[in-house]
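The chain below stands alone and is given in structure tokens; this is the form predicted alone.
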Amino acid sequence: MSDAKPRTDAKPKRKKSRIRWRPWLRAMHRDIGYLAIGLTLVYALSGLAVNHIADWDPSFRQIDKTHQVKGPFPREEKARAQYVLDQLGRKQKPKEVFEISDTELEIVFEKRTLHVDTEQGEVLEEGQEPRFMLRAANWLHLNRGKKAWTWIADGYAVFLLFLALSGLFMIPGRKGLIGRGAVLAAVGAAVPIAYVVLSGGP
């Protein structure tokens, strides 16, 4: 019976090195997500506002105010208008001033009109004023600025595509694309498809 010991100097097989790409993908997903935060807020808030445009004006708020001014009023039309504006502390120059009658005067601005009762000293202000932040957000969302904003909006769309696609491959295993992730992605994709089918489409 041989008492020779088995050789132990054989080198162990090396595992093939694998490129660890998921950490890089997660880092890019994170950083692009941070870059997209500002634009996402603009488009999300504006999207909610514009979706309900049939129920309200998402960019402007209606003005309906009453002011009281003291007489006596000057006799000349433009002097009367300036007298009212001075009492109300308005610096903006009106687009038009005209008398409807001896006791009624209208002062017209671009977005509002002052209806003046020179007999009672009552001023009815009607018109619109921009909604804080929403008007600017809607202006950007609807690409009213054109020119350079078109390139920025296209870049944002590319960011969103990357975030959506990279999110599919960030997590391996059953919680990723081959498991729960696939189910959730299918449900998300089914929502617009089902709506088009059930509503009859465009």
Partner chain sequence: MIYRPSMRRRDFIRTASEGTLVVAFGGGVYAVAPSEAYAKQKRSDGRPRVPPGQRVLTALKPMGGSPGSPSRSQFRLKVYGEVEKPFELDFKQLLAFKKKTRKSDVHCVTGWTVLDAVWTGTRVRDLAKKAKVKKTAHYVIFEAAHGYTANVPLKEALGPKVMVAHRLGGKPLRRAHGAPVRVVVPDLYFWKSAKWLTGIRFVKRDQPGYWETRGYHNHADPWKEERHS
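Numbering follows the first chain given and starts at 1. If you superpose the two forms and keep the largest set of C-alpha atoms that fall within 1.5 Å, you have the rigid core. Bear in mind that the values here come from a model prediction, so they are computed numbers and not experimental data.
Just so you know, the form predicted in complex with the partner chain exists too; it's not on screen, but the next bit is about it.
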| query | finding |
| --- | --- |
| Per-stretch contact check against the partner chain in the predicted bound form, the hit in 152-160, 165-173, 55-63, 29-37 (non-hydrogen atom, 4.5 angstroms) | 55-63 |
| Sole residue of Glu119, Glu96, Asp86, Glu76 within 4.5 Å of the partner chain in the predicted bound form, by heavy atom | Glu96 |
| 4.5 Å heavy atom contact with the partner chain in the predicted bound form for all of Val69, Arg90 and Ala136 | no |
| Non-hydrogen atom contact Thr113 with the partner chain in the predicted bound form at 4.5 angstroms | yes |
| Touches the partner chain in the predicted bound form: Gly200 (any heavy atom, 4.5 Å) | no |
| Contact label in the predicted bound form: Arg22 to the partner chain, heavy atom within 4.5 Å | no |
| 4.5 Å heavy atom contact, Leu41 and the partner chain in the predicted bound form | no |
| Residues in 102-129 close to the partner chain in the predicted bound form, defined by a heavy atom within 4.5 Å, in order | Glu104, Glu106, Val108, Phe109, Glu110, Lys111, Arg112, Thr113, His115, Glu122, Leu124, Glu126, Gly127, Gln128 |
| Rigid core superposed: Thr103 CA moves 2 Å or more between this form and the one not shown | yes |
| Large Cα shift (2 Å or above) at Thr40 between this form and the one not shown, core-fitted | no |
